[in-house]
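Form predicted alone, single chain, as structure tokens, below.
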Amino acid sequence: MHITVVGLSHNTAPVEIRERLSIAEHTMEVSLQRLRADDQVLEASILSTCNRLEIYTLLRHPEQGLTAVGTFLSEQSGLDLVELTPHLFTYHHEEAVAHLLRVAAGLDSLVLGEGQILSQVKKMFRLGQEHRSIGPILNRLLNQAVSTGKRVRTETNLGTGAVSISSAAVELAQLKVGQGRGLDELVSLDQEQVAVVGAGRMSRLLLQHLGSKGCRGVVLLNRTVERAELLAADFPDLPVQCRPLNELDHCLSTCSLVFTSTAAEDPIIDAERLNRLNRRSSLLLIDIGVPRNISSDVQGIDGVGAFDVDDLQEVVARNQEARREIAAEAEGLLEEESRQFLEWWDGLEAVPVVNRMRRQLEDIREQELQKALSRMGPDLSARDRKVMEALSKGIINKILHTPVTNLRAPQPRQQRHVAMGVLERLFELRDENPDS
């Protein structure tokens, strides 16, 4: 068996490629079933965010399994593998484990140390369990990734003052508004007419940061107004007008700053839509949706500035260097957590030998118990039979405890192989599935 991760991220692929591979939660079950349909893929989980698509798998054989994953990615994106491959990364075993722990800790994020990625790893874990696409190996690995992410944020300063994609988007708006005023600095948004499209988690963070940056009010548009009103209720100090999505044209005509963060699979704002409006002022559009909510064809329209998640690097770079020093605190913890998982994985080598030994002793126990019970005659009570059953099982467990513990304990692989070989010879343990 072989642990592998195949994927792409903001480090390897532009947003126009990433959005082709974005997998919405409501289609996740079908995607996981497609992966698991190939007998080379024993377990699978998918992490899909605005900045990455990563597929974690337990493969029967590496080469055939990677072919199955590659076919899935090609079909999902509609891109030929030749076109897709330059944007992909592939990590095996130790590197795959280390990568997942770095992702969960926020060390591989566009915004170093951002906290939202941990909740996304938790969601990947939950969906894998709900859709039964993960088994004991990935269950253990994902559980450890979540606990590692929590530990890093608890025991280091990495999470202190960490920015998110949403806060970086608000800073980008401050920077661009400032540049429009001839200033190369972050400015207050108190003079802007602001709209936020979408009422999900990212929009919640947008409202939080807009309120702290001088914004005097926000128009919040959503397909379901009731959901927007529930979100707005959490920000009593920020005036929020909730409007249905069909009032988007009016907001694009009257607002100077519009953020988009919806789950729409196709752009909701394009050049045709903007060109037919009678806009009253210049318009700044910031899209943090993946797939993108704003079509690339709006670039070049007079009076319109449009930016997407890949443009956040401009503000992220301002904070990144200082955070790199803090991130170094987390590296030692990640190495420790990775070592723990790999030691557990190495210990799995002993499981087939332990199972064969347990079955052999169990067969002997049952045979000898039946002989003893038959000699004691029919007058033996049911209670006495249960006592003898428990006694014989207890003896077997005591006998197995020390060799099992020693075989599973962290040790050099060669040393474990020698011990396994000794047990196989002494107890004549034959492999029941030599070709598996």
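Note that residue numbering follows the sequence shown and begins at 1. Note that the coordinates shown come from a computational prediction; the quantities given were computed from them, not determined experimentally.
Keep in mind that the form predicted together with a small molecule is not shown, yet the notes after this line are about it.
Residues with any non-hydrogen atom within 4.5 angstroms of the small molecule in the predicted complex fall in just one of 143-151, 187-195, 339-347, 286-294: 286-294. The candidate spot formed by Met202, Arg223 and Arg227 is fully in contact with the small molecule in the predicted complex: every one of the three has a heavy atom within 4.5 Å. Checking Thr262, Gln76, Gln174, Ser256 against the small molecule in the predicted complex, a heavy atom within 4.5 Å turns up for just one residue: Thr262. Residue-level contacts in the predicted complex: of Leu361, Leu245, Ala271, Leu238, one residue has a heavy atom within 4.5 Å of the small molecule, and it is Leu245.
Proximity of Ile165 to the small molecule in the predicted complex: non-hydrogen atoms within 4.5 Å are present. The small molecule in the predicted complex is approached by Cys50, whose closest heavy atom lies within 4.5 angstroms of it. Although the partner is absent here, Thr156 lies well away from the small molecule in the predicted complex, with no heavy atom inside 4.5 Å. Contact check for Gln120: a non-hydrogen atom falls within 4.5 Å of the small molecule in the predicted complex.
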